[in-house]
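Shown here is one chain on its own, the form predicted alone, set out as structure tokens.
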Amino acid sequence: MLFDLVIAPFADFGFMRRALVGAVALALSGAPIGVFLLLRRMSLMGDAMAHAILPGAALGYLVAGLSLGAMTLGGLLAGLVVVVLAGLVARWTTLREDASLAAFYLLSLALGVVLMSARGSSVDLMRVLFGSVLALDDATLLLLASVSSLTLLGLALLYRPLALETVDPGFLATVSRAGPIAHIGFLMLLALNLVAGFHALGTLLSVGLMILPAATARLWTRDVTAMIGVAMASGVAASVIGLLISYAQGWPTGPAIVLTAGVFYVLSLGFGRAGGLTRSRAPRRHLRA
């Protein structure tokens, strides 16, 4: 019974194995990115960049159809352009960065849908918006694995200045000039992961495997290193369970994975040891002589 429910779908079907490899690769690289987004209070930027990818991917689609290279390059450039423009608007006007990001990502989402609708079918639009985890080919899997490997390597190199800037940017500025380099490198890794994620989960859900596992981990531990480990484990578990639920119930795969990550988050809200409702409402022990 257990074999039929858990092992057989992956043993019998190649598309399930491909989906598993792709989703796990995204979870392993996206979860650490999500932890730093959460700790640096940049979750909105991640969501904005995920939406900003759409017009670039749509332009790539208009030029070359469903070409992996064209849509990836277009999405990456569009995401970086939106971040730069939002930063310039925040610097040169009275708008705060969160307001400019919200404005740009709404415009990007609307423009991307219009561009996709101009030539593509509703099926193509749905694939770009919500992904196609069960239709990953060799080239896409190679892209996901490469981005995951590059992200983990990049975070290993940037970890110390990135963590220090997250906790105490003023101190880092006094002892090192690595802060801006770490920040720019982190944004580049974020853009790469969102572009890779949109091929599997679509532009609307690609940020889900970043933020939800990170938020789950934050409710269980306050140590950054442990938080990254818990987030990665939560993302991988959500990928596996979401794929199995999708296979068994016929649900859309990307939403099933993100919903599973959301269930982990809701459970952590209730029982998390570092901020859950049960923990926060538990009576505290008083000191005794």
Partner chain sequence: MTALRFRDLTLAYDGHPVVHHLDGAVARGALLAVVGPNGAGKSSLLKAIVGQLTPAGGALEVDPALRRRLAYLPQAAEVDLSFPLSVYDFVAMGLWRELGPFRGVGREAAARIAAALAAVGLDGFEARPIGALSGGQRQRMFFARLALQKAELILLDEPFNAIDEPTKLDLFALVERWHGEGRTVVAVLHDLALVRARFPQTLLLARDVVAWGPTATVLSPVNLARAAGMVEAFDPAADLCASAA
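Numbering follows the first chain given and starts at 1. Worth saying up front: this structure is predicted, and the values here are computed from it rather than measured.
Another form exists, predicted in complex with its partner chain; not displayed. Remarks below refer to it.
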4.5 Å heavy atom contact, T166 and its partner chain in the predicted complex: yes
Exercise: A178 in contact with its partner chain in the predicted complex, heavy atom 4.5 Å: yes
Give a yes/no on whether L39 approaches its partner chain to within 4.5 Å in the predicted complex, heavy atoms considered. yes
Its partner chain contact in the predicted complex: L141, any heavy atom under 4.5 Å: no
Answer with one of L106, L88, L157, V114: the residue that has a non-hydrogen atom within 4.5 Å of its partner chain in the predicted complex. L157
As a check of understanding, the residue in M227, M45, L28, L59 with any heavy atom within 4.5 Å of its partner chain in the predicted complex should be identified as M227
So which stretch, 198-206, 73-81, 184-192, 157-165, is the one near its partner chain in the predicted complex (non-hydrogen atoms, 4.5 Å)? 157-165
Interface residues of 208-232 toward its partner chain, as seen in the predicted complex [heavy atoms, 4.5 Å]: R218, R222, D223, V224, M227
